[in-house]
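Listed next as structure tokens is one chain, alone, in the form predicted alone.
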Amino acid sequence: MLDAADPAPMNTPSRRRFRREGEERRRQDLIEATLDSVAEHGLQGATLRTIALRAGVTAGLIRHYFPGKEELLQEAYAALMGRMTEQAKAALAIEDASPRQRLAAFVTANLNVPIIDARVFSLWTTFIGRAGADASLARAHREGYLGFRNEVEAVVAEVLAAERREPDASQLRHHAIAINAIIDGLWIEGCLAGDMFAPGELAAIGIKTVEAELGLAPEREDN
């Protein structure tokens, strides 16, 4: 039985948990402040001082979480790409849906808000424009691209399995690369000139094109 004057063993775990949660939240706040600063000032203008002011902290505190600006930019870009992938993956959680319906929902999610968004596009082009000359951003882009492509490949595998087709790894890779390109192209169009398209038009084109890439027969419409 613990002595009443020594409660530390009981309280220490909760204090440690609170600290971890607090530090992770502060880290995320700094990443959000970085994205806001890049959107407003560009990569050069998003200095540690600017980011610190945006986050309401000191530049010294930023260095407690990130070695420097380059590492912070890398984390911010990775967060941006990861968020887009997670938003698209959320559309897959449809109860009693067929693999083909899940694929359509995935494509639709990628070609609608909040993934189609002028600010997101502006941030993406800002980072991607620097990736060729910045190894850390190039690495973040590669990881984000491969992460999304892996999700596409998994969905495609389910669809083809339901069609009783057994593609090998190279065929799945081919389909995933092509579908990623289809989605990317339509996403860019939607972000740049969304007002030129009717509601749902880009998604409908995307689904039709992706299904053609996979060789799926058109589904019959109910009378």
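Just count from 1 along the sequence shown to find any residue number. Keep in mind the model is a prediction, meaning the values are calculated, not measured.
The same protein has a further form, the form predicted in complex with another copy of the chain, not shown here; the description that follows concerns it.
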Of 27 to 35, 151 to 159, 164 to 172, 59 to 67, the segment with heavy atoms within 4.5 Å of another copy of the chain in the model of the complex is residues 164 to 172
Even though another copy of the chain is not shown here, does it sit in the model of the complex so that Glu75, Ala88 and Ala135 each have a heavy atom within 4.5 Å?
-> no
Taking 4.5 angstroms as the cut-off for heavy atoms, does Ala52 touch another copy of the chain in the model of the complex?
-> no
Mark Leu186 yes when one of its heavy atoms lies within 4.5 Å of a heavy atom of another copy of the chain in the model of the complex, and no otherwise.
-> yes
Examine Gly129 and determine whether its closest non-hydrogen atom to another copy of the chain in the model of the complex is within 4.5 angstroms.
-> yes
Using heavy atoms and a 4.5 Å limit, would one call Leu146 a contact residue for another copy of the chain in the model of the complex?
-> yes
Of 95 to 129, which residues get within 4.5 Å of another copy of the chain in the model of the complex if you count heavy atoms?
-> Phe121, Ser122, Trp124, Thr125, Ile128, Gly129
Specify closer or farther for Leu146 and Glu70: how their Cα atoms are spaced in the model of the complex versus the shown form, given a shift of 3 angstroms or more.
-> farther
Once you account for a change of 3 Å or more, let me know if Glu40 and Phe197 sit closer or farther in the model of the complex, using their C-alpha atoms.
-> closer
